[in-house]
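Here we start with a single chain on its own, the form predicted alone, put down as structure tokens.
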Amino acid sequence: MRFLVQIVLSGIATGAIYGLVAVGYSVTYATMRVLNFGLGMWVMLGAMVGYTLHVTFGLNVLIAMLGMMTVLGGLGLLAERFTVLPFVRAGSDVWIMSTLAVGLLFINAAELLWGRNPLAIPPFLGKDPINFAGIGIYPQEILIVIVACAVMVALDVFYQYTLLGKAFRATASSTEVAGLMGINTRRIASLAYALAGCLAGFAGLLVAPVTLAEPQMGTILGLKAFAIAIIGGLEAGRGIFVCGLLYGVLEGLLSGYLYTGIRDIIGFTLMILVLFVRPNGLFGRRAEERA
């Protein structure tokens, strides 16, 4: 029983990371009908930049997080402007390859700047597990779940109660109508791309103390997050996050009771099954139901 509880708790923490990255896919798709297929590499970049700011330069972890998100937000604006916008305007789907190319560029740059060896980021709340009822829970895992949930609540507040958030929602509903209302949809699209990159980078810095930071860390994570986004429904941010949590628990249970290798084939198998039954995802809506 204790082993089961331990697996579930660790799975929730892992799922929270998947959920944050998966929501990043939703942000860009809902707003601009574009997916950043290299988003997993932004996870890695967040961890690497966070390592430099926090470990190398010795900055406070909160300042390092803000600095990392500033860097990734700026890169997101540039990436959208030069690697996505030209193809979208031309009505071409080449942006699919360009987003992957940017991700691969990040991996090569990371190997040049930080090397190929894993880099250790100290856990933000200490290394020793917290023992409760005979179960050891690592503080970093608790922090991941709390912070990830807090980010989702903050996103919900942003979308529901701020003018910029309402502009995001209006643009997601109809770009043409939003433009007629005076909303700068071009700016919203750029900000959405930057926000997705920040979410991925934030997730990378959160999980790096558990997994270590290295150039390839985001590749599989990004693929799993994409599968989760499809399973939840690309326009259903809350549903996607819930799917991420559940997926993390399922992955942990199968790895703990069967064998580790099976966890890497779960996501896309579930994605195929869900798409067969519900093409718009578990929490998605049919296109004609959109306001």
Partner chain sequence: MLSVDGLRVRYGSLEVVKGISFSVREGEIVTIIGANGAGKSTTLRTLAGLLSPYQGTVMFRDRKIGGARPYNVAALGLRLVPEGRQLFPDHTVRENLELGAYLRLWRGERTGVAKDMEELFELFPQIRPRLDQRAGSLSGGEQQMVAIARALISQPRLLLMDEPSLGLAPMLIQSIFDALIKLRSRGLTILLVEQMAWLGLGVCDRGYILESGRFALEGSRDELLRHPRVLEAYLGKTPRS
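Numbering follows the first chain given and starts at 1. Only a predicted model underlies this, so the values are computations on that prediction, with no experimental measurement involved.
There is another form of this protein, the form predicted together with its partner chain, and it is not shown here; the text below is about that form.
Q: In the predicted complex, which of 178 to 186, 102 to 110, 217 to 225, 193 to 201 comes within 4.5 Å of its partner chain (heavy atoms)?
A: Of the stretches listed, the one contacting the partner is 178 to 186.
Q: Examine residue 164 and determine whether its closest non-hydrogen atom to its partner chain in the predicted complex is within 4.5 angstroms.
A: Residue 164: yes, in contact with its partner chain in the predicted complex.
Q: Using a 4.5 Å heavy atom cut-off, state whether residue 149 contacts its partner chain in the predicted complex.
A: It does not: once its partner chain is placed as it appears in the predicted complex, residue 149 has no heavy atom within 4.5 Å of it.
Q: Is there a heavy atom of residue 170 no more than 4.5 Å from a heavy atom of its partner chain in the predicted complex?
A: Yes.
Q: Would you please decide whether residue 174 lies within 4.5 angstroms of its partner chain in the predicted complex, comparing each non-hydrogen atom pair?
A: Yes, residue 174 lies within 4.5 Å of its partner chain in the predicted complex.
Q: Using a 4.5 Å heavy atom cut-off, which residue among 160, 92, 117, 131 comes into contact with its partner chain in the predicted complex?
A: Flagged contact: 160.
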